[in-house]
Ligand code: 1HE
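Below, in structure tokens: the form predicted alone, a single chain.
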């Protein structure tokens, strides 16, 4: 295991901590006194980290220090911003979260406590979400007089439907871990303090996949889901041919056919 407060290709702010476990990188939000609210330095650090993930990292886990994953935007950052500065601020969040969603390595988020506002937007940009039972989801922007600015108006309706997002913003409705999993906020629900270990286990499994298959799942599948049927099917054929032509895929297929690889079983 390597451990670094400062370096993962770039110098990180004190609000982020990075360490490496084999092929898995772990990025921790370190503002527990602010419920891990996201300030400008943290957003820039997230962008820098996911723009230059070390080559030997094949999957990343994101989690929060303390009792909460992330309570959203640090509202003190909004003071005295005009419209132009507000647009630039939102676009900075977009760039950071795009680096997560369409980056080089799949990302597993560990959710606990508050997953609120910008924290929910951050979680939605990750590929797999593991929720501890303490997790709760909310969008308090309506009561704050603001609007989603970190990509949530695009990503969250795709997870739970636009009408539920509207309800959350207008009424302040929140969801707990179990109901949230049924709606699509998370993929897994685990007991208290089991989230990080579960996420690392999933990340290790992901890191063991063929790289081209992980790339296709991250980059091709989401775009296919949004384009017309004919274009999606054509892209699927192209990606399938590219993936199966990769030397790593050929090796894995030989291992399976020659009974050196395990068969698929229910997990």
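Numbering follows the first chain given and starts at 1. What you are looking at is a predicted structure, and each value in this text was computed from that prediction instead of being measured.
Below, we refer to the form predicted together with the ligand, which is not included among the displayed structures.
Pick from 206 to 214, 223 to 231, 44 to 52, 26 to 34: which stretch has non-hydrogen atoms within 4.5 Å of the ligand in the model of the complex?
Contact criterion met by 26 to 34 only.
Within 4.5 Å of the ligand in the model of the complex - does that hold for a heavy atom of every one of 96, 103 and 219?
No: none of 96, 103 and 219 comes within 4.5 Å of the ligand in the model of the complex.
Can you tell me whether residue 75 touches the ligand? I mean in the model of the complex, with a 4.5 angstroms heavy atom cut-off.
Because a heavy atom of residue 75 falls inside 4.5 Å of the ligand in the model of the complex, the answer is yes.
Closest heavy atom of residue 146 to the ligand in the model of the complex, within 4.5 Å or not?
Yes, residue 146 sits close enough to the ligand in the model of the complex that at least one of its heavy atoms falls within 4.5 Å.
Any of the heavy atoms of residue 180 lying within 4.5 Å of the ligand in the model of the complex?
Taking the distances in the model of the complex, the answer for residue 180 is no, it never comes within 4.5 Å of the ligand.
State yes or no: in the model of the complex, is some non-hydrogen atom of residue 121 no more than 4.5 angstroms from a non-hydrogen atom of the ligand?
Residue-level check for residue 121: yes, a contact with the ligand.
What is the one choice in 114, 156, 189, 125 with a heavy atom within 4.5 Å of the ligand in the model of the complex?
Comparing distances to the ligand in the model of the complex, the residue within 4.5 Å is 114.
Which residue, 161, 184, 176, 140, has a heavy atom that falls within 4.5 Å of the ligand in the model of the complex?
Exactly one listed residue reaches within 4.5 Å, namely 140.
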